[in-house]
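Shown next as structure tokens: one chain only, the form predicted on its own.
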């Protein structure tokens, strides 16, 4: 009988891809098969996120549950960003954990598996040229790393301390992985990096130096590939060449994630983001001008230390000017090993909650305005998942989630869908071609 692996993934798309890498390595080298039942697993992995406080707190409660549920002899491993920053503290707090593996050490999974209480969390470990085995959570799209780590020093962000300095993966390896994914049936690829449009800043060893715009051109040249998505570009590096390629390349999906964080130039300076409110608005306006149907999403931190009423109003101004199609908004939470964790000018929690509520309520109004405009329009949808009650769902080129009546044979195919019913999160339509 094969050994069973249960894995819980918390956090971002990069964590999803790290989990896929670990699943592939454990299957190929150790014979593990995936299970959705932790009680029958021989190995339980939690791939963690530490960008905010909540997932870190969740980790230890989840560990306690898994320890009670696990079968005799099963191992538990903690991986990912929280593993990177807490390291051996995890085993001190939860001594039943068998090993800890950092976000920069994914390729060592089959090594730490056999060393009880192993802790591998070096953030200077270079995996940029490691040949991972293949595994995809979905046969219809492929997540592909184009860089690891982050060189930015945003004062609120723990990522450089958990994923190390930024290293770009060689172009030829990325293109080869895209080709393999397409040969395996994927029609869409999702390029991943902390700052994708900073690609080419640093390679490990001697490699052709190209920028992200040129990488997009080379990936789009892969025959059989129909759609390219990517996350996350940094507003600072959104130059005209990049935006123009985004606009004119038909394979690049017309949705852009632009992490704002704050609309206040003075707060952006305190965050060390490197751009101003005016720069962000200029880039968003250029996108809207060149691609009228573009969907723009963002991240916003409310109540960063020192945020005044005027600073918050600046954020509301940007929200109203850009009218984002999606907003991930959170109250600031101090993270260990970050500069802002030492700031003393903290915002009253009640005021922070009021601001977040106001921002989210206004964005709901914007979503209602946007969704009404979808009614009666036709979008080309790439179907990826089955939904209850005989529905199938997928996304338009500009990232609108759309469901329609249909069954399994539609998965992995494109169809034109006319929107017949709208809501904030998912649109309903009928297939017209």
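Since the structure is predicted, the reported quantities are computational estimates derived from the model, not experimental observations. Positions refer to the first chain, counted from 1.
The same protein has a further form, the form predicted together with a small molecule, not shown here; the description that follows concerns it.
Query - Contact residue in the predicted complex, from 330, 343, 96, 279 (heavy atom within 4.5 Å of the small molecule) - result: When the small molecule is considered in the predicted complex, the option within 4.5 Å is 330.
Query raised in the report: Among the candidate residues 51, 26, 402, 63, which is the single one with a non-hydrogen atom no more than 4.5 Å from the small molecule in the predicted complex?
Result: In short, 51.
Query raised in the report: Since the chain is shown here on its own, which stretch among 129-137, 197-205, 299-307, 174-182 would lie within 4.5 Å of the small molecule in the predicted complex, judged by heavy atoms?
Result: Stretch 299-307 is the one.
Query - residue 156: touches the small molecule in the predicted complex, heavy atom cutoff 4.5 angstroms - result: Yes - in the predicted complex, heavy atoms of residue 156 and the small molecule come within 4.5 Å of each other.
Requested in this report: Consider residue 335 of the chain shown here, and say whether it contacts the small molecule in the predicted complex, taking contact as heavy atoms within 4.5 Å.
Outcome: Yes, residue 335 sits close enough to the small molecule in the predicted complex that at least one of its heavy atoms falls within 4.5 Å.
**Report entry** Touches the small molecule in the predicted complex: residue 261 (any heavy atom, 4.5 Å)
**Finding:** Yes.
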